[in-house]
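We begin with a single chain expressed as structure tokens, specifically the form predicted alone.
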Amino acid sequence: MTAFLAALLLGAGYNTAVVTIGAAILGGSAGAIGTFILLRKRSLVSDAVSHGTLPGLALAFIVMAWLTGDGRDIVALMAGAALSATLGLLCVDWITRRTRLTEDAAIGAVLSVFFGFGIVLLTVIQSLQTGGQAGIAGYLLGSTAGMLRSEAETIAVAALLTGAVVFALRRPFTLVCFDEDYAATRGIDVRLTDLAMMGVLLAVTVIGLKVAGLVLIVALTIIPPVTARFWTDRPGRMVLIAAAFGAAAGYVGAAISASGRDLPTGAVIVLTASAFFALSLVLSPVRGLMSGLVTRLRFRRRVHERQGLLALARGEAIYDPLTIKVLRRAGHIRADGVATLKGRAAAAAAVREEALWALYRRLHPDEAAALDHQGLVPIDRALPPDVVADLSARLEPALTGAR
């Protein structure tokens, strides 16, 4: 616990602090661009990008080992991974446009071929007479143990620049995600914007290989956005919330990994992000399970209260235990079932509301069909004031004649 708190408070050494901050920036960038990828309905592309980096990563290691005797140069490895992932994206695009295969089928084919080729190259690397072979395995699941100061700084700066690009392009990204045609009329090149989106995704993936690993970096572009979806319906806020959850997962996960022995950084970060997802799934006030349960209970109570009030107005006996319980709690009936003054007033108001809704359904059937929960929501909240006034004016003569 002491080691974890030290890492969390950036007191476990300079390298650990830079790695932790870099992981947080990376998580924020991944969450932000992942939101646009999710809204564009292309989350599976991130999986193809991450797995497509493995051949380039391995080839870059082999080339650098041949040239310098040590293949662990992080810049060369990132460049090789980027080229390989770009080739994978181009293959997916070509297969989708030139064949009858759907995008998900093309992604599956390219992903498996590239990843298989990368595994073969990893086997070749293990047989090379050079040092550093063990280090390449850290790019599969992520490993920050033993990361050099220059490597940590490179990852942190690159992640920060990627986040800045996402912020700068947030408006065209949002327009293209929701309405391509409208974006085109505003002068936005849709294809170029899509390429920019894929380019940022590729950059985040390549930057995060050392921290999260190519197998799990895809989770950082998916879990934070779907977590943010529980908290808001607005895309601008969703980007910010996803970035916040991604940054928190990266920061806490990197701190936990740094405080333990042989804990894979990528796996810990993903588990932390999954914990945030689980908490949001249950506790979110917008779309959480608890919120849904409370909403259903409130709806059920309103149904029983209204039906009970209408029964009181008609002088009918009430036998349903829940309806009786709801009316008693609201003070509409006494313990012996007799309506109180408050209950009689509420029953009269419910009858009037029912009559107004019936009149509205008769005069405006199409508009009424589009409304939810008629009668359960007060009519003056559901309809404009002028419409309610017109309905009341039409209804008053009928009520006066009935008396």
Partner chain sequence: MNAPTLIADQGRTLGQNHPDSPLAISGLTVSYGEKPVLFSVDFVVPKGAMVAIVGPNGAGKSTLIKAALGIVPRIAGEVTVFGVPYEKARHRIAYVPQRASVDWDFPATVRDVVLMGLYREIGFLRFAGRRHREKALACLERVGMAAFADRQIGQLSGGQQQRVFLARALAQEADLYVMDEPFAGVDAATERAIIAVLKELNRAGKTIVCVHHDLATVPEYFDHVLLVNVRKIADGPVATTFTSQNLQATYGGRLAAAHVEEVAVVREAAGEGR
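From a predicted model like this one, the values you see are computed outputs, not experimental measurements. Numbering follows the first chain given and starts at 1.
Separately, the form predicted in complex with the partner chain exists; it is not shown, and the next lines address it.
- With the partner chain omitted here, the record of contacts in the model of the complex names 164-172 of 321-329, 304-312, 100-108, 164-172, defined by a heavy atom within 4.5 Å.
- Taking L39, V351, A358, I62 one by one, only a single residue has any non-hydrogen atom within 4.5 Å of the partner chain in the model of the complex, and it is L39.
- Comment: the partner chain is not present in this chain, but in the model of the complex one of S150, T123, T295, T185 has a heavy atom within 4.5 Å of it, namely T185.
- Although the partner is absent here, P384 is a contact residue: one of its heavy atoms lies within 4.5 angstroms of the partner chain in the model of the complex.
- In the model of the complex, the partner chain sits beyond 4.5 Å of every heavy atom of D70.
- Under a 4.5 angstroms non-hydrogen atom cutoff, the partner chain in the model of the complex lacks V200 among its neighbouring residues.
- Contact check for G288: every heavy atom lies farther than 4.5 Å from the partner chain in the model of the complex.
- Scanning 233-247 for heavy atoms within 4.5 Å of the partner chain in the model of the complex gives D233, R234, P235, M238 in sequence order.
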